[in-house]
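Coming up is one lone chain in structure tokens, specifically the form predicted on its own.
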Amino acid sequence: MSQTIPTQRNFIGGEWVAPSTGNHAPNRSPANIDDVVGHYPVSGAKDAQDAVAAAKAAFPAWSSMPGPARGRILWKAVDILKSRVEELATMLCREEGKTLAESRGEVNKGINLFEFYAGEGFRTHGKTLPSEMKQTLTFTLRQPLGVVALITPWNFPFAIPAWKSAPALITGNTVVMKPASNTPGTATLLAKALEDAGLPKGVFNLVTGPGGAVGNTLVDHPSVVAVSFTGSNGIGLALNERCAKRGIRVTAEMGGKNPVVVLDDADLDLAASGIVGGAFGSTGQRCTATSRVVVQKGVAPQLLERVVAAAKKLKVGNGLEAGIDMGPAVDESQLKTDLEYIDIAKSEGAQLLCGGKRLTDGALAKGYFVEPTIFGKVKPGSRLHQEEVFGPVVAVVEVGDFEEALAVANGVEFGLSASIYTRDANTAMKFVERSEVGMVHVNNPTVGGEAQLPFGGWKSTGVGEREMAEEGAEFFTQLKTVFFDYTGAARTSKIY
């Protein structure tokens, strides 16, 4: 008996509505292109405009609701999401390609974010400060911005929508979200959970479709007062420019080229484990993925022996199957990019240590699979060392000492995450202080984040504020300073 393929709709004003274009597109699994996850709206400008109008209409009531009351609705969403982990993880696995275990991990991280921000409904605060005037109370308030647009990527189709929508909602904003076109299913399930939690109509709206029609309409819409984006540098910088012309708030999390530095006193087994997990987990399709290894020459042979052996043991396949360690590239375009960079590395004289080929045996022929790939003898100025691949391709650079390692680690345009493996606490702290990144790990992989900790990078990695934690909520608020003369008598002891 064949399974019915669902045709999904947009979520606008609390209703599930067909796209104004009348167009839908199949969402195919990257592990098996015959597996059609669903047919999703190919929306147009009118759909985005309708969603903004719905969010604008809902803003007065939602923003005036006390923060704890908003938090209780998010807590209901947490309970609902916890009851649907397997449904969400299966959808995520099918449409993005992560293994089922990785998908469960991502879903649970997203739930953690909703838990954290539900509590922020009780904690969103300003400051009380002394005034230079007598009998005057001065304090600050944080208030919502209005209608905000959230543009989310395909590589974390649940966690990133969670860490953008939860802080936006808890601080009293109304939301229009545009998920990536190749992973709309997981975002749709999130919208259903928020609906079932009793979120008022119009507070959260979901519109799927291309960036040109939907994304640009949201960014340019006069009622949208802030944009939160995660994606490529090219699109993020263009979006930042568009927002700057309108004078609206924007945060853009973009690329990474994250190094692991391994010094000669490191625990090599620990380092190898961290490198393999950081490089090949989620098929290397994480902005925090380990894409560079900077290792002292004295321990390079021993480290690479461990890393290559572990990489060769990884089982690649459909993440729905048991025993799979690494899934496919997300789509044909990303697979092509992975293979192109492998060819580039070879042309630059790098030494292929393992991998380097597309996998097409048996059922793998219907997916976008590539071997875990490691290149040695990579030059710091080479393209493989400098440019983001966003796939399971690792560049290894050998160095003489700590200072050279630090220079190589910092010698790229990106600055998201970095890691060092060493037993020397003094050296570790030097690395922490001098690394040109937003997040540093010591004796841990480059990947990972927690709800209560700020997430983001330096240099070309990011524009705007940090995400997650208290800082993530502050982006969605505006600050108001209050001077309260509680005697009612005017005084001018200090006026500027």
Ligand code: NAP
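Model, not experiment: these values are computed from the prediction. Numbering starts at 1 and runs along the sequence shown.
Only in words, not in the display: the form predicted together with the ligand, which the text now covers.
Colleague: Is the gap between Phe59 and the ligand in the predicted bound form 4.5 Å or less for some heavy atom pair?
Modeller: No, Phe59 is distant from the partner.
Colleague: Report yes if any heavy atom of Gly126 sits within 4.5 Å of a heavy atom of the ligand in the predicted bound form; otherwise report no.
Modeller: The answer is no: Gly126 has no heavy atom within 4.5 Å of the ligand.
Colleague: Would Glu106 show up as a contact with the ligand in the predicted bound form if we use heavy atoms at 4.5 Å?
Modeller: Glu106: no contact with the ligand in the predicted bound form.
Colleague: Are any of the heavy atoms in Phe455 no more than 4.5 Å from a heavy atom of the ligand in the predicted bound form?
Modeller: Residue-level check for Phe455: yes, a contact with the ligand.
Colleague: Is every one of Gly277, Pro372 and Tyr421 in contact with the ligand in the predicted bound form, taking contact as a heavy atom within 4.5 Å?
Modeller: No, the candidate spot makes no contact with the ligand.
Colleague: Only one of Gly71, Gly355, Gly317, Gly231 has a non-hydrogen atom within 4.5 angstroms of the ligand in the predicted bound form; which is it?
Modeller: Of the candidates Gly71, Gly355, Gly317, Gly231, Gly231 is the one lying within 4.5 Å of the ligand in the predicted bound form.
Colleague: Just to be sure I understand the contacts: of Ile151, Ala118, Ala159, Ala272, which is the one whose heavy atoms reach within 4.5 angstroms of the ligand in the predicted bound form?
Modeller: Spelling it out, the residue with a heavy atom inside the cut-off is Ile151.
Colleague: Sort through 363-371, 401-409, 318-326, 212-220 and report the only stretch with a non-hydrogen atom within 4.5 Å of the ligand in the predicted bound form.
Modeller: Going by heavy atoms within 4.5 Å, the stretch is 212-220.
Colleague: Go through 142-181 residue by residue and record those having a heavy atom within 4.5 Å of the ligand in the predicted bound form; state none if no residue qualifies.
Modeller: Residues within 4.5 Å: Ile151, Thr152, Pro153, Trp154, Asn155, Ile160, Trp163, Lys178, Pro179, Ala180, Ser181.
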